[in-house]
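Just the one chain here, the form predicted alone, laid out as C-alpha cells.
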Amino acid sequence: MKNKNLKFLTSKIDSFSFKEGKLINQQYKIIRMLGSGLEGEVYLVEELHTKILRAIKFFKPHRNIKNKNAKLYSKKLHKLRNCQAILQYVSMGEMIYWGRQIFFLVSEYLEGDTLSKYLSKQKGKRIDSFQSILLLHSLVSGLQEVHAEKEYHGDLHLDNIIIERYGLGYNVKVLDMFYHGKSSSQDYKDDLCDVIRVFYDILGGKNHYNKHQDHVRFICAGLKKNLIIKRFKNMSFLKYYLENLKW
C-alpha cells in the first residue's frame, strides 16, 4: 500500500475535475470549468466573502516545477495590469490536492464567449467584413499596449480570445499568454501575423477570401508572413491603417 501511495504522489495529474460546489481553501466555491490545457485547468468560482465571480487557473504540478511558471505568469499579468486586453490579476494561492501542493492564480472573470464559440453562433460561422474590422481593431489596440510594455502574447488563436459584444464594438480579452523568456522582435512579428490570421478566420477563411473587398484582402495579405510584416511592420502600423481606412 505504501508503494502504491508513493507512486500516486509522484505521478502526473492530468486533470483535477473539480465538482460544482467544491470549496477551495474556504475562500472560493467552484461553479464550473471554463477550459483546460496542457499546463492546467480554469474554473469559474464564487469568492465566498464578497460573492464576486472570479476565474481561477490551477496549474498541474509537473507543468509548474517549484512554482516557476505560475510566478512568472503572475508577474507578467501584474506588469500588464493597465492593458485593456489583459484580464486583471487578483492573487496567487496554493492548496493540497491528494497530498500534492497545487498552485493557482485568481483573476477577474469576463462574462463573454471565446471567439470560437461566438463564431459557432453566427450565420455561416463567420462575421461580415465591417464587424470583423471592428473586432480586429479592438484586438490590435489591446495587443499594441502589450507590446509597448515589451511583452507579447505568443499563442493567439480563436480559443484564447474572449469577446463581449456591446453596441458597435467589442470588449476583447486574451488568455494563456506565453511567458517564457524575454521578448524579441520576432515575437512581436509573430503576434502581428497571428492577429491577422484570426481576422482571416473570422471572415470565413479560404472559402470566402476571394469574395472580400480589396482592403480586406490587403490586410490578410494571403497570410504570407513576409508580406504582412512588409505592409504593417508592427501593431501600431496596423492600428493606424485600420483607423484611416477609406470605405
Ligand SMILES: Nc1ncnc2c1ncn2[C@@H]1O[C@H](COP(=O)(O)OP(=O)(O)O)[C@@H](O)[C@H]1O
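This one's a predicted model, so the numbers in the text were calculated from it and none came from an experiment. We number the residues from 1 along the sequence you see.
Another form exists, predicted together with the named molecule; not displayed. Remarks below refer to it.
The partner is absent here; in the predicted complex, the one residue of 127, 85, 136, 162 having a heavy atom within 4.5 Å of the named molecule is 162. Screening 109, 152, 170, 103 for any heavy atom within 4.5 Å of the named molecule in the predicted complex leaves a single hit, 109.
The named molecule is not shown here, but in the predicted complex it comes within 4.5 Å of a heavy atom of residue 114. The named molecule in the predicted complex is approached by residue 55, whose closest heavy atom lies within 4.5 angstroms of it. The named molecule in the predicted complex comes within 4.5 Å of a heavy atom belonging to residue 175.
Of the heavy atoms in residue 203, none are within 4.5 Å of the named molecule in the predicted complex. Annotated contact segment (heavy atom within 4.5 Å of the named molecule in the predicted complex): 33-41, selected among 208-216, 191-199, 33-41, 64-72.
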